[in-house]
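Only one chain is shown below, in structure tokens, and it's the form predicted alone.
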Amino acid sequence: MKASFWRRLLSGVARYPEWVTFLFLVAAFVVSARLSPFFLDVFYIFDSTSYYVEIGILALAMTFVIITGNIDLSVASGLALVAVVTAMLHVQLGLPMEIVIVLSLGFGALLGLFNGLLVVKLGLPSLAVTLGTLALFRGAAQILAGDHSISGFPEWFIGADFVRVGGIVPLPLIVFIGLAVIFGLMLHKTVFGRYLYAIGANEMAARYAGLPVDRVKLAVFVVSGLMMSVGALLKVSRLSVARYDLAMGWELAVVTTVVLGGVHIYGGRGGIIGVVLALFVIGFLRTGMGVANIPQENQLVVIGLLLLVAVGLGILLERFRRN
């Protein structure tokens, strides 16, 4: 009977890996609270979300990409390039910020389209393509901005993280939650979402079934580029400057968030709820370690270990589910 109980438990976990992410979230909260009592301050917890919701916004789009069996490692570099272009359009060319925001969203979508065309039209592996554009986008941002910070944004645009909804919830967190709801509905309640799962589970079978595989894959990369822009605009608003090295190294955090959230690294499985929970796991750990003055390099070690655990656990649960 005991063996049967554990088998049913593991079967349930394999079907709903979000429960594992939830346990990680509880553990992250407890560990962070033990690292520093300041972590338990409610206002501090809400304030700290502004430092990592941009990662979450990139992770939402990465969820779509990975479910289709692809990956986009250029998201952080693309964010930096969009931020620099945004600054140059307003500060150096003098375009109104309202117009610049629209142009920035379009520019990010074009970056994603560029990735998608290389993957779909040339048949190149997304890993190789986005490793290349990771360097390309970051290099282009450095060429445009040099080692300087570009500032001079209008006052109404600066300080999105100081805008409070209900006097406590920062605007960037509201934006992330709103986007998470939209992505969740798209993934779980639309034909487009079913296409994503079908392509990730078996792309060749999806093609034989008449699904618009190429158009869907192009779309997910365009969405990824669009979220680069949203993240860039929020980050520039928060920092009030644009630099080429914005979001440096975020690729690891974004992929970790998605995989820790229960999205299978080989595609075909996953959901938005788990990704949202995983974001707060990583956010709580980074916030707790930051309050405890743990060096950045040690924090990267923890995130790297989380990624290894998440990938390994995801593969084990998938094998158990199939058996």
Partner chain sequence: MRSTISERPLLQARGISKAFGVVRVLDEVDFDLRAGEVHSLLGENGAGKSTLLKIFGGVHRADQGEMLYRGEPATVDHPQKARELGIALIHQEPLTFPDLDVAENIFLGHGTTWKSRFIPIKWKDRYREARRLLDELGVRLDPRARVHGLSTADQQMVEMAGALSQNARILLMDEPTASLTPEETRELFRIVQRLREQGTAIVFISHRLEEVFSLSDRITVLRDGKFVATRRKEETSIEEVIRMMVGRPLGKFYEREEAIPGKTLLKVESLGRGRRFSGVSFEVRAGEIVGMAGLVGAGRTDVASAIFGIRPADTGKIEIRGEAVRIDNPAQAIRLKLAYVPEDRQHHGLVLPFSVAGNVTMASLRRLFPRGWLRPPRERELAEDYRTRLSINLRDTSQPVWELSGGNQQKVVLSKWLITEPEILILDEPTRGIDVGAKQEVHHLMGELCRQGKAVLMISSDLPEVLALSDRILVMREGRLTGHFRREEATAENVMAAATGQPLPGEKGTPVSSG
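Numbering follows the first chain given and starts at 1. Remember, predicted model here, so these are calculated numbers, not experimental data.
Below: the form predicted in complex with the partner chain, not depicted.
Contact annotation for Ile150: none of its heavy atoms lies within 4.5 Å of the partner chain in the predicted complex. When the partner chain is considered in the predicted complex, Leu211 lines it closely, a heavy atom lying within 4.5 Å.
The partner chain in the predicted complex comes within 4.5 Å of a heavy atom belonging to Tyr195.
Taking non-hydrogen atoms only, Leu105 never approaches the partner chain to within 4.5 angstroms in the predicted complex. Residues placing heavy atoms within 4.5 Å of the partner chain in the predicted complex fall in a single listed stretch, namely 201-209, out of 89-97, 201-209, 161-169, 231-239. Among the residues Leu185, Ile177, Leu117, Ile101, the one placing a heavy atom within 4.5 Å of the partner chain in the predicted complex is Leu185. Contact residues in stretch 165-193 (any heavy atom within 4.5 Å of the partner chain, taken in the predicted complex) are Leu185, His188, Lys189, Thr190, Val191.
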